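Coming up is one lone chain in structure tokens, specifically the form predicted on its own.
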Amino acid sequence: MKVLGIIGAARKNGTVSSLTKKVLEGTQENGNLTELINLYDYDIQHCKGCWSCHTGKCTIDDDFEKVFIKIKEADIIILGSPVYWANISGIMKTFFDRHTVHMHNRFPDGRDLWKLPTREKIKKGRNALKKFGPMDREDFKKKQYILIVASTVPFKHIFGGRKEVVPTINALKRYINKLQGKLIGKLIYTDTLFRFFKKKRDKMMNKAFRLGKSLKKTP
């Protein structure tokens, strides 16, 4: 079984990276193949919104395809992100945006649609809208996912920690739902600034290792 860790964390040895490595260490003991990717090590450019992907090919020549191929080959994918401005990191969002070319149904070119007679334009437009959205891809339906989120603020606190962490979790969940995957685990580590809580950090690392040990492929 292939377990792929994908993180969008500028701190190469930070909490998100450490937790992900622990999960991979745990699953390696089961004989599984593992790989860790930090998106900051790749050239992944912003989506231009040009819709040229509706031809089936993105016009941007960068490293996105290299990472996407690894996703296709993996059985279990770990998605890790720190909380930046109450959401996932910018590089993680950019990476998600670039999935459109492979994971989104094609929509008719608006310029061609506009040339049609009104009745035909409405008909084709309605049919296109019904299909508009994520593709129904069998090769992604059986993939399993684990979320890892790290935040400096408490998850439940009078200073609004919940408002910081929950949108980040939801953003990662939306990605999984669009790819028709299955969420099988998550690690939410808050109060990361309080490093003197060593027992808490050790507890989270042990939890990550046990999560890795528990990973099993769905038949």
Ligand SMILES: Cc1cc2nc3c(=O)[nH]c(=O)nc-3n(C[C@H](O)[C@H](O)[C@H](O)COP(=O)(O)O)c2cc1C
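For every residue, the number given is its place in the sequence shown, counted from 1. Remember, it's a predicted structure, so these values are computed and weren't measured experimentally.
Heads up, the form predicted in complex with this ligand isn't pictured, but that's what we're talking about next.
Although the partner is absent here, I146 sits far enough away that none of its heavy atoms falls within 4.5 Å of this ligand in the predicted complex. At the 4.5 Å threshold, heavy atoms of T34 stay clear of this ligand in the predicted complex, well away from it. Not displayed here, this ligand is kept clear of L179 by more than 4.5 Å at the level of heavy atoms in the predicted complex.
In the predicted complex, this ligand stays beyond 4.5 Å of every heavy atom belonging to V23. The single contact residue among T55, Q28, T152, Q45, judged by any heavy atom lying within 4.5 Å of this ligand in the predicted complex, is T152. In sequence order, P82, V83, Y84, W85, A86 are the residues of 80-103 having a heavy atom within 4.5 Å of this ligand in the predicted complex; the partner itself is omitted from this view.
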